[in-house]
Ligand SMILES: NC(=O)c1ccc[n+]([C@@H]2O[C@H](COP(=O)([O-])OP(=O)(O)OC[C@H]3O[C@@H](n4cnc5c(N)ncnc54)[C@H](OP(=O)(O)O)[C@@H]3O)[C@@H](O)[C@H]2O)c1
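The form predicted alone is given below as one chain in structure tokens.
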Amino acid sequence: MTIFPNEAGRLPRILLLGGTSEIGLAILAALGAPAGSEVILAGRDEQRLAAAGKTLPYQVRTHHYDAVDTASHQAFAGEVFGAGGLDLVISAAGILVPQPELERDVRLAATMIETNFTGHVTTLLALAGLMRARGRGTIVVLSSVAAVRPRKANPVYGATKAALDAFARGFADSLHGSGVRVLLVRPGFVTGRMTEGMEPAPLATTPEAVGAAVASALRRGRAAAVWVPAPLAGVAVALRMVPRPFWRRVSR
């Protein structure tokens, strides 16, 4: 099954929210979209966006996007969608701030919540409305295994992922039958810039492995969620069953 509908004379248009995200860029690289496909990298740092675009085998353009500027998201959606519609949206904006820093400056906690959750909601609501009116499109939402059971070491980060995961599941149900599909991605610990200096957790993965798994799930076209690596799906069931007193002692 192909990821993109076969429309004569029309190449896919893809939007990456969080345009310098390692996982988002790995998904784009793994898609195998037709040569000449248009990719829009949306983010705040124009230089980093331009550098990221040079690594992709597509026609790349950049667009300013600030996940915490929720007042701009409706207009942003209209601008990027109005240039020719969108076939695929990858919602990958996110930050990870260590818990001690959040406790020293609670404004950082607000920024992480707005970046990892609120901004996804407002942007995707605006974009999905346009996709629904068009009758087709796919949205990829990057959640995390942290959504299953937030840990004492990073409760704010875990809470943002739990909230985003819940939103994506309900949102997928609300879009059912509209022609717009939501794929929820739950990676484990991903080695990369965001986790640099941290000790990898069991079943750690890479941006490239996440990208390959997402591309495969999109081609199959049936899954509503994908775990990376796949055994995490079973681990998640076990995590939910661990008694809280024991979880406090073993989680880190």
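Here the structure is a predicted model, which is why all the values come from computation and not from measurement. Numbers for residues come from their place in the sequence shown, where the first is 1.
Unshown form predicted together with the ligand; subsequent notes refer to it.
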Of the listed stretches (50-58, 186-194, 219-227, 33-41), which one has a non-hydrogen atom within 4.5 Å of the ligand in the predicted bound form?
186-194
Mark residue 172 yes when one of its heavy atoms lies within 4.5 Å of a heavy atom of the ligand in the predicted bound form, and no otherwise.
no
Looking in the predicted bound form, any heavy atom of residue 144 within 4.5 Å of the ligand?
yes
Would you please decide whether residue 212 lies within 4.5 angstroms of the ligand in the predicted bound form, comparing each non-hydrogen atom pair?
no
Answer with yes or no whether residue 115 is in contact with the ligand in the predicted bound form, where contact means some heavy atom within 4.5 Å.
yes
Identify which of 124, 80, 93, 180 has a heavy atom within 4.5 Å of the ligand in the predicted bound form; exactly one of them does.
93
Stretch 64-81 - residues with a heavy atom within 4.5 Å of the ligand in the predicted bound form:
65, 66, 67, 68
